[in-house]
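Consider the single chain below, provided in structure tokens and representing the form predicted alone.
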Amino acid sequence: MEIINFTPISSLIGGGLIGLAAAFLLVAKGRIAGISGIAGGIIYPENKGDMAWRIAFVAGLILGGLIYQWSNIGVGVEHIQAMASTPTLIVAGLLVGIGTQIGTGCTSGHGICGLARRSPRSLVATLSFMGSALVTVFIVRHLVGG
């Protein structure tokens, strides 16, 4: 199998920025940079004083993707495009939301922040995420023929 999009420099820079953002949020607010928890705090606020930074965090995620899409940063890289129908994306989003509730966190919270804190629960969750992803890709690419 040929690697089509090998981008080690931008991947290293992106990973570093994610780590810095997670560390900054932990130091500045004492909060874990788990996206499901941050977004959930907007929908179901526990503390009104937390709303501004949560909205800024989510807006930054959205704006970052849009800026990348509209800029020439990814020269030579195809633009981001969903390869699934809108109903499929809606169902997938709902399933991810249900999974984050069952798993008490998402890949960013467990995989980035939880592992950095050496949380056994996050290790199990991350191994579950990665194992499920491997099985799903195998099924879709080799059994279903996607």
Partner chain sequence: MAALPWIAALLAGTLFGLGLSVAQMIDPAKVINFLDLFGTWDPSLALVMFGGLVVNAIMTPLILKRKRPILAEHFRLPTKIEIDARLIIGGIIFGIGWGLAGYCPGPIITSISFINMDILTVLLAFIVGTAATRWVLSKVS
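Rigid core (definition): largest C-alpha set, two forms, superposition within 1.5 Å. Residue numbers count along the first chain shown, from 1. Note that the coordinates shown come from a computational prediction; the quantities given were computed from them, not determined experimentally.
One more form of this protein, predicted together with the partner chain, exists but is not displayed; see below.
Contact check for Arg117: a non-hydrogen atom falls within 4.5 Å of the partner chain in the predicted bound form.
In the predicted bound form, at least one heavy atom of Val140 sits within 4.5 Å of the partner chain. Contact between Ile4 and the partner chain in the predicted bound form is found at the 4.5 Å heavy atom cutoff.
Under a 4.5 angstroms non-hydrogen atom cutoff, the partner chain in the predicted bound form lacks Gly49 among its neighbouring residues. Of the residues in 96-118, those that come within 4.5 Å of the partner chain in the predicted bound form through at least one heavy atom are, in sequence order, Val96, Gly97, Ile98, Gly99, Thr100, Gln101, Ile102, Gly103, Thr104, Gly105, Cys106, Thr107, Ser108, His110, Gly111, Ile112, Cys113, Leu115, Ala116, Arg117. Once both forms are fitted on their rigid core, the CA atom of Pro120 lies less than 2 Å apart between this form and the one not shown.
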